[in-house]
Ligand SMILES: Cc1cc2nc3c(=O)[nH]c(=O)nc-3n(C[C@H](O)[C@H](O)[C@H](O)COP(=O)(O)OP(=O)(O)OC[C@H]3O[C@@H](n4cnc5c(N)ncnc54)[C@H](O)[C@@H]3O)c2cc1C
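Taking the form predicted on its own, here's one chain by itself in C-alpha coordinates.
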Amino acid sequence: MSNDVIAALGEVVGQDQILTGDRIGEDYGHDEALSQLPRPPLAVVRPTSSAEVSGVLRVASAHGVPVTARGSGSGLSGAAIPEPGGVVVSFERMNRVLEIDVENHVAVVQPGVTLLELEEATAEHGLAYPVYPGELSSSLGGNVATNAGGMRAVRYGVTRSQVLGLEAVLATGEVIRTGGKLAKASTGYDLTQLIIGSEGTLALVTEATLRLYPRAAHQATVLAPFRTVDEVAHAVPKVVTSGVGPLILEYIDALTMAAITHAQQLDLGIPAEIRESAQAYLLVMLEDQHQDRVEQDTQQLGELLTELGAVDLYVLPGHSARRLVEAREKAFWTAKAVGANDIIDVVVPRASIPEFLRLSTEIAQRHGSTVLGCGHAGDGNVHLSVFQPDDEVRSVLLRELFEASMKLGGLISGEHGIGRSKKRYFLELTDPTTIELMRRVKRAFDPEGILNPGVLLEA
(Lines give C-alpha, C1' and ligand atoms only; values in the text may rest on other atoms or scores of the structure.)
Protein backbone atom coordinates (compact mmCIF):
# COMPACT_ATOMS: atom_id res chain seq x y z
CA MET A 1 0.00 0.00 0.00
CA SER A 2 2.80 2.44 0.89
CA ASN A 3 4.55 1.90 -2.43
CA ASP A 4 1.28 2.29 -4.32
CA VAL A 5 0.50 5.55 -2.52
CA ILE A 6 3.96 7.00 -3.09
CA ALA A 7 3.93 6.03 -6.75
CA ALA A 8 0.51 7.62 -7.24
CA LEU A 9 1.59 10.78 -5.44
CA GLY A 10 4.70 10.92 -7.62
CA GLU A 11 2.50 11.03 -10.70
CA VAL A 12 0.81 14.14 -9.26
CA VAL A 13 3.73 16.25 -8.02
CA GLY A 14 6.78 14.48 -9.45
CA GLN A 15 8.94 12.00 -7.56
CA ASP A 16 11.52 14.70 -6.73
CA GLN A 17 8.90 16.52 -4.63
CA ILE A 18 8.14 13.50 -2.43
CA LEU A 19 10.30 12.89 0.63
CA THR A 20 10.40 9.43 2.18
CA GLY A 21 12.56 7.54 4.66
CA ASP A 22 15.75 9.32 5.61
CA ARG A 23 14.89 12.25 3.34
CA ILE A 24 12.13 13.31 5.75
CA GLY A 25 13.62 15.97 8.02
CA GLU A 26 12.86 15.83 11.73
CA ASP A 27 10.87 19.10 11.58
CA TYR A 28 8.12 17.51 9.49
CA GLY A 29 7.11 15.31 12.43
CA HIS A 30 6.23 18.03 14.95
CA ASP A 31 5.25 21.61 15.64
CA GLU A 32 6.10 23.65 18.76
CA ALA A 33 3.61 22.04 21.18
CA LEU A 34 5.51 21.26 24.39
CA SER A 35 3.44 18.26 25.46
CA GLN A 36 3.34 16.27 22.19
CA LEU A 37 5.92 13.84 20.86
CA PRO A 38 7.01 14.04 17.20
CA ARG A 39 5.83 11.38 14.73
CA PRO A 40 7.38 10.90 11.30
CA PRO A 41 4.93 10.58 8.39
CA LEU A 42 4.97 8.01 5.60
CA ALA A 43 5.85 10.75 3.14
CA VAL A 44 6.10 14.52 2.71
CA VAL A 45 4.59 15.96 -0.46
CA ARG A 46 5.51 19.46 -1.67
CA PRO A 47 2.94 20.69 -4.21
CA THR A 48 3.19 23.94 -6.18
CA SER A 49 -0.45 24.54 -7.13
CA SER A 50 -4.03 23.92 -6.05
CA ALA A 51 -4.31 21.43 -8.94
CA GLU A 52 -1.50 19.38 -7.41
CA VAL A 53 -3.06 19.62 -3.95
CA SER A 54 -6.31 18.38 -5.49
CA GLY A 55 -4.50 15.43 -7.04
CA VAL A 56 -2.75 14.59 -3.76
CA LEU A 57 -6.07 14.54 -1.89
CA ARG A 58 -7.71 12.37 -4.54
CA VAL A 59 -4.94 9.82 -4.09
CA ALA A 60 -5.13 10.01 -0.30
CA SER A 61 -8.91 9.65 -0.33
CA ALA A 62 -8.77 6.65 -2.66
CA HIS A 63 -6.26 4.88 -0.40
CA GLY A 64 -7.63 6.07 2.96
CA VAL A 65 -4.36 7.81 3.83
CA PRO A 66 -4.41 10.51 6.56
CA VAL A 67 -3.28 13.97 5.41
CA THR A 68 -1.80 16.75 7.56
CA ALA A 69 -1.18 20.23 6.17
CA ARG A 70 1.99 22.02 7.21
CA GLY A 71 3.12 25.61 6.92
CA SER A 72 6.03 26.79 9.06
CA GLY A 73 5.35 24.40 11.93
CA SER A 74 5.19 27.22 14.48
CA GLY A 75 1.84 26.14 15.98
CA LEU A 76 1.56 25.44 19.70
CA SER A 77 -1.22 22.85 19.88
CA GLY A 78 0.08 19.80 17.99
CA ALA A 79 -2.17 20.29 14.95
CA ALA A 80 0.75 19.84 12.55
CA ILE A 81 1.84 16.48 13.99
CA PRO A 82 1.02 13.80 11.38
CA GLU A 83 -0.67 10.47 11.85
CA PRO A 84 1.64 7.43 11.58
CA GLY A 85 1.48 6.17 8.01
CA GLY A 86 0.04 9.50 6.88
CA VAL A 87 1.15 12.13 4.41
CA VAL A 88 2.28 15.66 5.21
CA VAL A 89 1.34 18.24 2.57
CA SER A 90 3.99 20.92 3.01
CA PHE A 91 3.18 24.30 1.49
CA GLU A 92 6.79 25.49 1.51
CA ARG A 93 6.81 25.78 -2.31
CA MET A 94 3.42 27.52 -2.50
CA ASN A 95 4.90 30.71 -1.08
CA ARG A 96 4.06 33.54 -3.47
CA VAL A 97 2.35 36.83 -2.80
CA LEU A 98 0.06 36.69 -5.84
CA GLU A 99 -1.27 40.24 -5.68
CA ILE A 100 -1.23 43.46 -3.70
CA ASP A 101 -4.40 45.28 -4.76
CA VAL A 102 -3.77 48.87 -3.65
CA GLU A 103 -7.16 50.20 -4.71
CA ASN A 104 -9.13 47.58 -2.76
CA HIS A 105 -6.60 47.29 0.10
CA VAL A 106 -6.32 43.54 -0.43
CA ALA A 107 -3.52 40.97 -0.65
CA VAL A 108 -3.88 37.57 -2.32
CA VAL A 109 -1.37 35.02 -1.04
CA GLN A 110 -0.53 31.36 -1.18
CA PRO A 111 -0.52 29.46 2.14
CA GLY A 112 3.27 29.14 2.39
CA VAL A 113 3.83 32.92 2.49
CA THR A 114 5.21 33.98 5.87
CA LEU A 115 4.12 37.04 7.80
CA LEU A 116 7.57 38.54 7.28
CA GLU A 117 7.29 38.13 3.51
CA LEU A 118 3.84 39.71 3.49
CA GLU A 119 5.09 42.54 5.70
CA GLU A 120 7.85 43.33 3.22
CA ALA A 121 5.49 43.17 0.24
CA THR A 122 2.83 45.43 1.79
CA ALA A 123 5.33 47.98 3.15
CA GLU A 124 6.31 48.91 -0.41
CA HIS A 125 2.75 50.18 -0.94
CA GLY A 126 2.29 51.93 2.42
CA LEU A 127 -0.08 49.18 3.57
CA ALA A 128 0.00 46.63 6.39
CA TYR A 129 -1.51 43.30 7.37
CA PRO A 130 -2.30 43.65 11.09
CA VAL A 131 -2.20 40.11 12.50
CA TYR A 132 1.04 39.46 14.41
CA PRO A 133 0.76 36.24 16.46
CA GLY A 134 4.31 36.57 17.80
CA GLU A 135 6.30 34.69 15.16
CA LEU A 136 6.94 36.39 11.82
CA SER A 137 8.14 33.10 10.35
CA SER A 138 4.63 31.67 10.71
CA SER A 139 2.77 31.03 7.48
CA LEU A 140 -0.51 32.58 6.37
CA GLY A 141 -1.94 29.11 5.80
CA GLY A 142 -1.19 28.17 9.39
CA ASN A 143 -2.61 31.47 10.63
CA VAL A 144 -5.86 30.78 8.76
CA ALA A 145 -6.00 27.19 10.04
CA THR A 146 -5.70 28.26 13.69
CA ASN A 147 -7.42 31.66 13.47
CA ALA A 148 -4.23 33.23 14.80
CA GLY A 149 -4.47 36.37 16.92
CA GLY A 150 -1.62 38.17 18.61
CA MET A 151 -1.01 41.47 20.34
CA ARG A 152 -2.79 43.67 17.80
CA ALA A 153 -6.11 41.85 18.11
CA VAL A 154 -7.37 44.43 20.61
CA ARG A 155 -7.58 46.90 17.71
CA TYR A 156 -7.87 44.83 14.55
CA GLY A 157 -9.31 41.51 15.67
CA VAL A 158 -7.96 38.05 14.84
CA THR A 159 -7.34 36.33 11.50
CA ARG A 160 -11.02 35.68 10.78
CA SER A 161 -11.55 39.45 10.86
CA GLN A 162 -9.02 39.88 8.04
CA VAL A 163 -9.78 37.01 5.64
CA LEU A 164 -12.15 38.05 2.86
CA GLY A 165 -12.04 34.88 0.79
CA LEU A 166 -10.36 31.53 0.31
CA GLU A 167 -9.50 28.94 -2.28
CA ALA A 168 -9.56 25.53 -0.62
CA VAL A 169 -9.39 21.88 -1.61
CA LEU A 170 -11.78 19.38 -0.05
CA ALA A 171 -10.77 15.87 0.98
CA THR A 172 -12.35 14.57 -2.25
CA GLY A 173 -10.03 16.77 -4.32
CA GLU A 174 -12.78 19.24 -5.24
CA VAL A 175 -11.65 22.88 -5.30
CA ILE A 176 -13.91 25.60 -3.91
CA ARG A 177 -13.72 29.39 -3.76
CA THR A 178 -15.36 31.40 -1.01
CA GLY A 179 -15.81 35.15 -0.60
CA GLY A 180 -13.57 37.53 -2.52
CA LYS A 181 -12.46 41.17 -2.59
CA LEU A 182 -15.69 42.19 -0.92
CA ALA A 183 -16.40 44.52 1.98
CA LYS A 184 -19.48 42.48 2.93
CA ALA A 185 -21.54 39.51 1.80
CA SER A 186 -24.84 37.88 2.74
CA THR A 187 -25.11 35.04 0.26
CA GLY A 188 -25.63 31.61 1.78
CA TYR A 189 -23.53 29.91 4.44
CA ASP A 190 -20.23 31.64 5.21
CA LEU A 191 -17.84 28.85 4.28
CA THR A 192 -14.87 31.19 4.61
CA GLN A 193 -15.46 31.57 8.32
CA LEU A 194 -16.19 27.88 8.77
CA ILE A 195 -12.84 26.87 7.31
CA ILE A 196 -10.89 29.49 9.29
CA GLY A 197 -9.84 27.95 12.60
CA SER A 198 -10.71 24.39 11.55
CA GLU A 199 -7.05 23.33 11.97
CA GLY A 200 -6.80 21.50 8.66
CA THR A 201 -9.70 19.15 9.46
CA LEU A 202 -12.19 20.42 6.85
CA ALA A 203 -10.13 21.51 3.82
CA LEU A 204 -6.64 22.54 2.75
CA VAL A 205 -6.40 26.27 2.05
CA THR A 206 -4.44 27.00 -1.13
CA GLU A 207 -5.05 30.76 -1.43
CA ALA A 208 -6.24 33.52 0.90
CA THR A 209 -7.57 37.00 0.15
CA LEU A 210 -6.63 39.30 3.02
CA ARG A 211 -7.72 42.74 4.17
CA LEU A 212 -4.97 45.40 4.33
CA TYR A 213 -4.82 48.76 6.12
CA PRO A 214 -2.93 52.04 5.63
CA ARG A 215 0.37 51.84 7.48
CA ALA A 216 0.42 54.24 10.44
CA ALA A 217 3.22 56.77 10.40
CA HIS A 218 3.62 57.40 14.14
CA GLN A 219 3.70 55.29 17.28
CA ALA A 220 4.27 55.65 21.01
CA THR A 221 4.77 52.95 23.62
CA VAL A 222 4.00 53.31 27.32
CA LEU A 223 5.12 50.87 30.03
CA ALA A 224 3.36 51.14 33.39
CA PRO A 225 4.42 49.07 36.43
CA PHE A 226 1.72 48.26 39.02
CA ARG A 227 1.99 46.95 42.57
CA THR A 228 -0.44 44.08 41.99
CA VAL A 229 -1.73 41.98 39.12
CA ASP A 230 -5.27 42.91 40.18
CA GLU A 231 -4.55 46.60 39.59
CA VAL A 232 -3.31 45.84 36.09
CA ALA A 233 -6.28 43.67 35.30
CA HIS A 234 -8.76 46.28 36.57
CA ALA A 235 -7.01 48.97 34.50
CA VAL A 236 -7.49 47.11 31.22
CA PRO A 237 -11.22 47.79 30.64
CA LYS A 238 -10.66 51.44 31.55
CA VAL A 239 -7.95 51.80 28.91
CA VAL A 240 -10.07 50.07 26.26
CA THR A 241 -13.05 52.36 26.87
CA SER A 242 -10.98 55.53 27.22
CA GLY A 243 -11.00 56.32 23.50
CA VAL A 244 -7.24 56.13 22.93
CA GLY A 245 -7.67 53.02 20.77
CA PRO A 246 -4.54 51.04 21.74
CA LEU A 247 -2.78 49.02 19.07
CA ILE A 248 -1.29 46.77 21.75
CA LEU A 249 -2.51 46.27 25.31
CA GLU A 250 -0.56 43.59 27.15
CA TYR A 251 -0.12 42.58 30.77
CA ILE A 252 3.13 40.94 31.87
CA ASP A 253 3.73 39.63 35.38
CA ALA A 254 6.97 40.59 37.12
CA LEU A 255 8.69 37.21 36.80
CA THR A 256 7.86 36.96 33.10
CA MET A 257 9.09 40.53 32.55
CA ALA A 258 12.36 39.70 34.30
CA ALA A 259 12.76 36.54 32.23
CA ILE A 260 12.07 38.08 28.80
CA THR A 261 14.19 41.19 29.38
CA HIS A 262 17.05 39.04 30.65
CA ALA A 263 16.76 36.67 27.68
CA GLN A 264 16.91 39.61 25.26
CA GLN A 265 19.53 41.50 27.34
CA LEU A 266 17.16 44.46 27.45
CA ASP A 267 17.63 47.29 29.96
CA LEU A 268 14.56 49.54 30.08
CA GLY A 269 16.06 51.93 32.61
CA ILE A 270 13.54 51.08 35.34
CA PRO A 271 15.02 51.78 38.79
CA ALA A 272 15.56 48.80 41.07
CA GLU A 273 13.11 50.07 43.69
CA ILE A 274 10.34 50.24 41.06
CA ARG A 275 11.12 46.73 39.79
CA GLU A 276 11.04 45.40 43.36
CA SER A 277 7.67 46.98 44.12
CA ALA A 278 5.96 46.00 40.84
CA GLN A 279 4.17 42.67 40.55
CA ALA A 280 2.96 43.29 37.01
CA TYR A 281 3.26 45.65 34.05
CA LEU A 282 0.90 47.06 31.46
CA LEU A 283 2.38 47.57 28.00
CA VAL A 284 0.42 49.91 25.74
CA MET A 285 1.29 50.91 22.17
CA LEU A 286 -0.55 53.67 20.34
CA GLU A 287 -0.42 54.57 16.66
CA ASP A 288 -1.88 57.14 14.29
CA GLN A 289 -1.19 58.87 11.00
CA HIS A 290 -0.65 62.16 12.87
CA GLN A 291 2.06 62.81 15.45
CA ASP A 292 0.00 65.34 17.42
CA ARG A 293 -2.81 62.80 17.90
CA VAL A 294 -0.34 60.22 19.21
CA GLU A 295 1.02 62.79 21.66
CA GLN A 296 -2.47 63.73 22.86
CA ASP A 297 -3.43 60.08 23.34
CA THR A 298 -0.17 59.38 25.18
CA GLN A 299 -0.82 62.21 27.60
CA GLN A 300 -4.42 61.06 28.16
CA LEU A 301 -3.25 57.48 28.69
CA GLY A 302 -0.59 58.55 31.18
CA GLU A 303 -3.09 60.52 33.25
CA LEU A 304 -5.50 57.58 33.26
CA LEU A 305 -2.90 55.00 34.28
CA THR A 306 -1.69 57.23 37.10
CA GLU A 307 -5.26 57.52 38.39
CA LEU A 308 -5.57 53.73 38.20
CA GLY A 309 -2.54 53.18 40.44
CA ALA A 310 0.51 52.88 38.18
CA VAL A 311 3.71 53.15 40.24
CA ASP A 312 5.41 55.07 37.44
CA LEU A 313 5.18 55.65 33.67
CA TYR A 314 7.79 55.14 30.97
CA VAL A 315 7.34 56.38 27.42
CA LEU A 316 9.86 54.12 25.72
CA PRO A 317 12.05 55.37 22.89
CA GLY A 318 11.47 53.62 19.56
CA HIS A 319 14.40 51.21 19.80
CA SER A 320 13.56 50.11 23.35
CA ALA A 321 9.87 49.83 22.50
CA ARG A 322 10.55 47.58 19.52
CA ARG A 323 12.88 45.38 21.53
CA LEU A 324 10.39 45.03 24.39
CA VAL A 325 7.56 44.12 22.01
CA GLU A 326 9.86 41.58 20.34
CA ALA A 327 10.80 40.18 23.75
CA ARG A 328 7.11 39.86 24.66
CA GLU A 329 6.44 38.14 21.34
CA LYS A 330 9.21 35.66 22.16
CA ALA A 331 7.80 34.89 25.62
CA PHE A 332 7.00 31.34 24.50
CA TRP A 333 10.61 30.68 23.56
CA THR A 334 11.77 32.12 26.88
CA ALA A 335 9.32 29.90 28.79
CA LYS A 336 10.44 26.89 26.77
CA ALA A 337 14.11 27.66 27.44
CA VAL A 338 13.58 27.79 31.21
CA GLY A 339 11.70 24.49 31.30
CA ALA A 340 7.96 25.19 31.04
CA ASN A 341 6.01 21.95 30.67
CA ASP A 342 3.08 23.47 28.82
CA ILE A 343 1.70 26.76 27.50
CA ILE A 344 -2.01 27.52 27.48
CA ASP A 345 -3.95 30.47 26.06
CA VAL A 346 -7.38 30.60 27.67
CA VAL A 347 -9.67 33.51 26.82
CA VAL A 348 -12.20 35.09 29.18
CA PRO A 349 -14.34 38.22 29.03
CA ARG A 350 -12.01 41.17 29.50
CA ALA A 351 -13.59 42.20 32.81
CA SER A 352 -13.12 38.66 34.17
CA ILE A 353 -9.32 38.69 33.90
CA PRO A 354 -8.77 39.63 37.59
CA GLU A 355 -10.96 36.78 38.80
CA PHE A 356 -9.38 34.26 36.44
CA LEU A 357 -5.86 35.25 37.47
CA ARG A 358 -6.85 34.90 41.14
CA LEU A 359 -8.30 31.45 40.46
CA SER A 360 -5.28 30.36 38.44
CA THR A 361 -2.98 31.25 41.34
CA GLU A 362 -5.14 29.25 43.77
CA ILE A 363 -5.26 26.26 41.41
CA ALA A 364 -1.49 26.30 40.88
CA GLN A 365 -0.79 26.47 44.60
CA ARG A 366 -3.22 23.64 45.31
CA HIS A 367 -1.29 21.39 42.93
CA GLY A 368 2.20 22.44 43.97
CA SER A 369 2.84 24.02 40.59
CA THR A 370 4.09 27.32 39.21
CA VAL A 371 1.99 29.23 36.70
CA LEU A 372 3.40 32.45 35.23
CA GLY A 373 1.61 34.70 32.82
CA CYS A 374 1.34 37.44 30.31
CA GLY A 375 -1.33 38.02 27.77
CA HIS A 376 -3.35 40.09 25.37
CA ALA A 377 -5.19 41.91 28.12
CA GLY A 378 -7.23 44.00 25.72
CA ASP A 379 -9.10 40.96 24.39
CA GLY A 380 -9.06 38.74 27.47
CA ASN A 381 -6.54 36.25 26.08
CA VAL A 382 -4.42 35.00 29.01
CA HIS A 383 -1.21 33.10 28.24
CA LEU A 384 0.08 30.94 31.07
CA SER A 385 3.36 29.05 31.30
CA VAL A 386 2.79 25.92 33.39
CA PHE A 387 5.65 24.38 35.34
CA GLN A 388 4.64 20.93 36.58
CA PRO A 389 6.69 17.94 35.32
CA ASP A 390 4.30 15.25 36.60
CA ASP A 391 1.97 14.43 33.71
CA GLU A 392 -0.95 13.33 35.88
CA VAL A 393 -0.78 16.33 38.21
CA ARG A 394 -0.42 18.68 35.24
CA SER A 395 -3.44 17.11 33.54
CA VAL A 396 -5.64 17.77 36.57
CA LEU A 397 -4.21 21.29 36.88
CA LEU A 398 -4.94 22.12 33.24
CA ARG A 399 -8.46 20.77 33.44
CA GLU A 400 -9.18 22.97 36.45
CA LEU A 401 -7.73 26.02 34.69
CA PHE A 402 -9.91 25.37 31.64
CA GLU A 403 -12.97 24.77 33.82
CA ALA A 404 -12.31 28.04 35.64
CA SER A 405 -12.15 29.98 32.38
CA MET A 406 -15.34 28.41 31.06
CA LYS A 407 -17.27 29.13 34.28
CA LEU A 408 -16.36 32.79 33.75
CA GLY A 409 -17.80 32.68 30.23
CA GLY A 410 -14.48 31.92 28.55
CA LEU A 411 -13.05 29.23 26.29
CA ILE A 412 -10.11 26.83 26.32
CA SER A 413 -8.15 28.58 23.57
CA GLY A 414 -8.14 32.14 22.31
CA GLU A 415 -5.71 31.74 19.40
CA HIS A 416 -3.47 28.66 19.55
CA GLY A 417 -6.27 26.22 18.75
CA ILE A 418 -7.17 22.83 20.20
CA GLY A 419 -4.99 20.56 18.06
CA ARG A 420 -3.95 17.35 19.77
CA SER A 421 -2.69 18.84 23.03
CA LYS A 422 -6.05 20.22 24.27
CA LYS A 423 -8.43 17.86 22.48
CA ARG A 424 -9.14 15.75 25.56
CA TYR A 425 -10.22 18.77 27.60
CA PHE A 426 -12.19 20.23 24.72
CA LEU A 427 -14.20 17.03 24.25
CA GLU A 428 -14.79 16.58 27.98
CA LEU A 429 -15.80 20.16 28.78
CA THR A 430 -17.76 21.22 25.69
CA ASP A 431 -21.50 20.69 25.36
CA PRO A 432 -22.07 17.26 23.70
CA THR A 433 -24.63 18.69 21.28
CA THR A 434 -22.03 21.17 20.03
CA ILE A 435 -19.44 18.41 19.60
CA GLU A 436 -21.91 16.25 17.66
CA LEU A 437 -22.75 19.12 15.34
CA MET A 438 -19.02 19.62 14.68
CA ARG A 439 -18.74 15.92 13.87
CA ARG A 440 -21.52 16.27 11.29
CA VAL A 441 -19.81 19.26 9.70
CA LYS A 442 -16.57 17.27 9.60
CA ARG A 443 -18.31 14.35 7.84
CA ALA A 444 -19.86 16.70 5.27
CA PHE A 445 -16.48 18.18 4.33
CA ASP A 446 -14.39 15.03 4.79
CA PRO A 447 -16.54 11.89 4.47
CA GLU A 448 -13.58 9.48 4.68
CA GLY A 449 -12.05 11.28 7.67
CA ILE A 450 -8.60 11.69 6.12
CA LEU A 451 -7.94 15.35 6.97
CA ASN A 452 -5.95 15.68 10.17
CA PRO A 453 -7.67 12.80 12.00
CA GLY A 454 -7.13 13.01 15.74
CA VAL A 455 -6.94 16.81 15.71
CA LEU A 456 -9.76 18.75 17.38
CA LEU A 457 -12.10 15.72 17.22
CA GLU A 458 -11.52 11.97 17.54
CA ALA A 459 -9.87 10.18 14.63
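Keep in mind that what you see is a predicted model, and the values were worked out from it rather than measured. From 1 onward, residues are counted along the sequence shown.
The next section is about a form of this same protein that is not shown, the form predicted together with the ligand.
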property: is_contact(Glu135, the ligand) in the predicted bound form, heavy atom dist at most 4.5 Å; result: yes
property: is_contact(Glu52, the ligand) in the predicted bound form, heavy atom dist at most 4.5 Å; result: no
property: In the predicted bound form, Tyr156 touching the ligand (heavy atom, 4.5 Å); result: no
property: Partner proximity in the predicted bound form: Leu204 to the ligand, non-hydrogen atom cutoff 4.5 Å; result: yes
property: Proximity to the ligand in the predicted bound form (heavy atom, within 4.5 Å), stretch among 58-66, 410-418, 35-43, 427-435; result: 410-418
property: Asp253, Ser352 and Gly380 all contacting the ligand in the predicted bound form, non-hydrogen atom within 4.5 Å; result: no
property: Contact assignment for the ligand in the predicted bound form, among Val232, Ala335, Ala148, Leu305, heavy atom within 4.5 Å; result: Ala148
property: Heavy atom within 4.5 Å of the ligand in the predicted bound form - qualifying residues of 96-116; result: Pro111
